[in-house]
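Single chain ahead, by itself, as structure tokens, in the form predicted on its own.
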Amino acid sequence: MTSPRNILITGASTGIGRAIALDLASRGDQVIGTVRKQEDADALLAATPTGALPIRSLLLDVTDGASVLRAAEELEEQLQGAGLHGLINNAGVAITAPLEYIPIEDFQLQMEINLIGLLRTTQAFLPMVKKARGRVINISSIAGRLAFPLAGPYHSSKHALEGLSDVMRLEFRRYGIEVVVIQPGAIRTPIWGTAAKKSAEIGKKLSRQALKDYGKLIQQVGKASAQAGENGEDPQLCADAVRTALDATRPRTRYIVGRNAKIGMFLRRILSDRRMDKIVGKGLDLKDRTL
């Protein structure tokens, strides 16, 4: 019998990460999910599909270098010389605020989680990926190609992730490692609620002038985001794309996930920047002449 593949997924407690973990476990892989709390680890283990290998967990915070190194050492010991067939970098957060007024520490936090934390994790676990000539799969977003007002921190992190992934692909090919980017559109996950909560916290820090300048836009974007979250597509679509990327002999470098993502990316390819700006403004029902 063929030994199960060892697959590590960061941010596996909810949303896309959890969907990927359950999907791969149900298909016979040995899944290891990273979580930040023990109760999340317990919940992930309890959710293991019937007949599947128990889903393991590692306590890991991508913003904490010591935490990442401890988790890597722990996993290396558990694998007993075997490698990782897949490293799926999924952990992330979405922070929104006007770039003109966002506290720099909040912008830094966005980059620390979505970009620096991803690289930190990849560096720590790459030796194990090398052993199995495995694959690195980065969960990006169409936000890495498209842009919407107030989502500057998130867009910046995902635009940067697209470039980082391209360089990883070029550099890791010497080890026989494929690097794949998954680009979902609006997916129905808890990230929308988390983003709204974080944005509300930042909103309390904004000055009166900031609220005067951006108050209406904040309301409109908040409404649009809530609708996107409610009408988002099933995270299983992302799990399907990840499985395809792991199984393919020669995977694509990028997989666009979801109908809304495919439409958005098509428009991005054929329309000018200014035309896209107008479409975004119209979609948000903005009357501001600058849009």
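Numbering starts at 1 and follows the sequence shown. Computed from a predicted structure; not experimentally measured.
The same protein has a further form, the form predicted in complex with a small molecule, not shown here; the description that follows concerns it.
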is_contact(Ala186, the small molecule) in the predicted bound form, heavy atom dist at most 4.5 Å: yes
In the predicted bound form, Ala21 touching the small molecule (heavy atom, 4.5 Å): no
Contact of Phe172 with the small molecule in the predicted bound form (heavy atom, 4.5 Å): no
4.5 Å heavy atom contact, Gly92 and the small molecule in the predicted bound form: yes
Segment that reaches the small molecule in the predicted bound form - one of 247 to 255, 219 to 227, 49 to 57, 34 to 42, heavy atoms within 4.5 Å: 34 to 42
Joint contact, Thr14, Val62 and Ser140 to the small molecule in the predicted bound form, by non-hydrogen atom at 4.5 Å: yes
Answer option from Phe148, Phe107, Tyr214, Trp192, heavy atom within 4.5 Å of the small molecule in the predicted bound form: Trp192
Option touching the small molecule, based on a heavy atom within 4.5 Å in the predicted bound form, out of Ile102, Ile113, Leu79, Ala196: Ile113
